[in-house]
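As a starting point, one isolated chain is supplied in structure tokens, in the form predicted on its own.
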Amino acid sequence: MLIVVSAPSGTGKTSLCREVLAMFPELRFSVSWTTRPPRPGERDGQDYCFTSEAEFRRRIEQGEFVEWVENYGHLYGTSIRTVQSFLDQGHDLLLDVDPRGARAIKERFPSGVFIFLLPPSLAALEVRLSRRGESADVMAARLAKAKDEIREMIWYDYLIVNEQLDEAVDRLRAVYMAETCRRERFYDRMKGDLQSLTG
């Protein structure tokens, strides 16, 4: 199963995904590629796969990304090889991508589960973004982009409001557990047994 989580910057998507990943050891996370420099404490291959712009663009030309975008002057992308490898091994996979990337993934994997994370309000999001210590221009750009991204929520399968992290974690956990119980997923796993029962 492929699970895609999208959210505007400052909504707490990274924290939410980390909490749920810690709950389910069988759930894997697809580490994105990026050309931006690492932030303090980030590790290559764990938080992101950090690379040069030239190498990233070479990978684009080779068709190695299921989706890629440019945000604030840096490139971000999801490796199709990584995604397919986890799925082929029978792992459920969690991806953290913006709505443009999510749309591209939905075209390639229409049976994926798409979840949009919302802030409690735009005012609350503005407060969260202001805590990052960025310039007024950068913050205004992030807020404008957040409004555009929130408009995309209409085509996602699930919406989760992150007002309290523990409650949002419970909701994401509930979505994942419910999706693992879908009849179609059980049928795929037990196809042989079910065929023998029906003669």
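Remember, predicted model here, so these are calculated numbers, not experimental data. In case it trips you up, residue 1 is the first one in the sequence shown, and so on.
One more form of this protein, predicted in complex with ligand 5GP, exists but is not displayed; see below.
Shown without its partner, this chain lists Arg132, Arg58, Lys147, Arg43 as candidates; in the predicted bound form, only Arg132 has a non-hydrogen atom within 4.5 angstroms of ligand 5GP. In terms of contact with ligand 5GP in the predicted bound form, the residue from Val161, Leu143, Cys49, Val69 that brings a heavy atom within 4.5 Å is Val69. Among residues of the shown chain, Asp98 is one whose heavy atoms approach ligand 5GP to within 4.5 Å in the predicted bound form. When contacts are judged by a 4.5 Å heavy atom cut-off, Arg28 does not count as touching ligand 5GP in the predicted bound form. Ligand 5GP is not shown here, but in the predicted bound form it comes within 4.5 Å of a heavy atom of Arg36.
Put simply, Tyr76 is close to ligand 5GP in the predicted bound form: some heavy atom of it is within 4.5 Å. Here the marked residues Ala7, Lys13 and Ser32 all reach ligand 5GP in the predicted bound form, each with a heavy atom within 4.5 angstroms.
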